[in-house]
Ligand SMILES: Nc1nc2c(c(=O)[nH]1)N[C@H]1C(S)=C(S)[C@@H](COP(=O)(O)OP(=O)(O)OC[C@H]3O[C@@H](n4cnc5c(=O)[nH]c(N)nc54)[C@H](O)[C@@H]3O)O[C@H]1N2
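This document starts with one chain, in the form predicted on its own, laid out as structure tokens.
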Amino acid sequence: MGDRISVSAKTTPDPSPADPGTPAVGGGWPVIDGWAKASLSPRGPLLWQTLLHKSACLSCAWGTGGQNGGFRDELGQPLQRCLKSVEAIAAELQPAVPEGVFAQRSLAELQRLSSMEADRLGRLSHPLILREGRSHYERLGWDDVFELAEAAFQRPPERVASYSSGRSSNEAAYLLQLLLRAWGSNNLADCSDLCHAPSTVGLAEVFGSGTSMVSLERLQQADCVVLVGSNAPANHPRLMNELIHLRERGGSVIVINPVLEVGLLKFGSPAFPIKSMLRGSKIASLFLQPIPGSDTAVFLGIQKALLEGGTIKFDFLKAHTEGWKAVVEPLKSTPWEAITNCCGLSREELEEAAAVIGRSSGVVFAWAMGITHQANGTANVHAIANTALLSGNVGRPGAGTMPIRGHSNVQGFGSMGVTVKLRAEMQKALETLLGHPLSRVPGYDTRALIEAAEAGAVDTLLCLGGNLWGANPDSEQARRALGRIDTILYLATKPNQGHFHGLAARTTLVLPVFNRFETPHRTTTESGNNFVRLNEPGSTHLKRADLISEVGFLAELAMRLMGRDPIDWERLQDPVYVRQLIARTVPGYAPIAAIDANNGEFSVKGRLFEQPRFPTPSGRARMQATPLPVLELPEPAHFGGLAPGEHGLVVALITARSYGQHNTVVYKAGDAYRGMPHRQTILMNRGDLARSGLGAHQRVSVQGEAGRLEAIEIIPGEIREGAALMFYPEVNAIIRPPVDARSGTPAFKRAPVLVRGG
């Protein structure tokens, strides 16, 4: 398998850092520096106390914690905390927002705050209300909050909706969906609609299950990982430890990404202070930089190479799949030229990737939002699943498909039924629990919610965490849509830009809740690898704060609306009882009924396939045909054209988080690893700059289909020609990307923009 890193000379002419000050290794000493600064801050002792608390990490779905302790994962491995976790905890340990901030700062002033500035206001400590026609948020009591909330829900059920993030617990998620469905609404939009919905939809269509089929233990048995569209060094640092182990045992890592992220070449992990921190550990053994949005073509090329190399597992296909002929036959007639022209990779590169896969004994295919944030995101997932099946890499140890989810409990929300695509088994169980059929009116996913709100079809919106305004493309449309809703309730731990821009027409409520390690009762969360963790109770550092638990709020509201019929909503103030209902109604969650008695964290049943038998009607995987995508960019005329003497070009814009960021929350303004010193930058290919007449560090305007940003600094970097990268959520102001019709997810990783300069 070797240690050679193969990078296409055509797509990456100069794999040196974009700037002399850019680190040559991902992670490494900047991580240690970040830990040191956090530890030596005034909140350092409280930070360490929290890190050791028995609760799941607040950051990504690869996070650690739970009953094994703060630094251990589900297998008991130590030193599994990352800087992203430290940043998230430190933000939650801020003092309360000073008393005078909301009284003295007008809404117009608050709207000028950046994401980082809004977050650094501190912790929310008292309920706030913005009334129609007022310029300032005001304090109010919880009795008034519940009266307003109860009145807001007295609307036709189809005009009541929710939106949620993966920050909360399984218990809160379960109550949210139970409340809305019992009330008669299926409008359960979720942040996953904007990220991994294509994974859920695509995998369910193929395998009958929409989550990872690979546990941490099974990942450690692989000898090859294909990592696609993921900047794991920034967003899932714990995964890097597993890739380091894999390379050390002679395995291969194939990275497919339009951006040459330094941490995917070499990564310095603090978990290995001697062998990794000094020089960094090699990660990619093969690095391919395709055209953004062409991933289906990449995998068709790999499949064609497997076919021509004689390494397709036909006996496996015949025994364990349906529809395989409709996948294999087109490979014979699809010309190599069509594939390579679409993805921008050479036949030789694709054949090399196929050869590595073909000779590996166990391959895990992993991906993040570079795959799902495309107009053909579901087809991309199908193409990956097909490749895994063609090579026989499903239904056995050390092999399978593994979407890498971002927020810490976003998968748990899906398991709890916070989705517009409720599984039939859970629907039947809920109808038995409630004693009546659920509404058959289709619910709004996140993009449909914005469209419906803009059309005046939503009266009340309950947001359980998240930043609905900031997470959506076309920020002005999001502002306009939310502004047509009568009442919006935001349950949150800290202020965010959405509380200042995503305002209701009449009443906006910002309601402070406990975070995960403060909640005064036990809760559970689910990792991206289907492992359910138990979080112990905690307490808040805030003095004289008037917080509420999310379970407490939702159960109280439900009781006020529905009393004790058909279930005792007041009793649902007790999370132990909530877990009993979860065990009765959520597929695979039966062990949660005993978790309070035995502390038994568990893997969700029916998702980790160790045999090639799947929860489909036939027990076989249902392969899906994936035609080549048609990828086109408009001409400059689409954006009004270039003026005489004006330089510029149209590029496929990738929107991304910086390294110091979690979802829409920004912890650090710049991104040293990409050489991007501030948020008003655009990463571009050097060849594109030379061809267009634009120059490094020139200030340009970037025009999208929803607006224009000025004074953006060009940063030359190692990105695929024809592509560019800017930071989310700021760039949402100007983009209006197409949406994957099968999942409702916007193509955040391929939004056309015109870069123009004098």
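Keep in mind the model is a prediction, meaning the values are calculated, not measured. A residue's number is simply how far along the shown sequence it sits, counting from 1.
What follows is about the form predicted in complex with the ligand, which we do not show.
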| property | result |
| --- | --- |
| Any non-hydrogen atom of Tyr163 within 4.5 angstroms of the ligand in the predicted complex | yes |
| Residue contact check: Val665 to the ligand in the predicted complex, 4.5 Å heavy atom | yes |
| 4.5 Å heavy atom contact, Thr387 and the ligand in the predicted complex | no |
| Contact test in the predicted complex: Glu322 vs the ligand, heavy atoms, 4.5 Å | no |
| Which of 259-267, 560-568, 586-594, 616-624 lines the interface with the ligand in the predicted complex (heavy atom within 4.5 Å) | 259-267 |
| Residue among Ile654, Leu130, Leu430, Val225 with a heavy atom within 4.5 Å of the ligand in the predicted complex | Ile654 |
| Listed residue (Val532, Cys195, Ile339, Val394) with a non-hydrogen atom within 4.5 angstroms of the ligand in the predicted complex | Cys195 |
| Heavy atom of each of Glu150, Ala182 and Thr460 within 4.5 Å of the ligand in the predicted complex | no |
| Partner contacts for 452-479, taking the ligand in the predicted complex and a 4.5 Å heavy atom cut-off | Leu464, Gly465, Gly466, Asn467, Leu468, Ala471 |
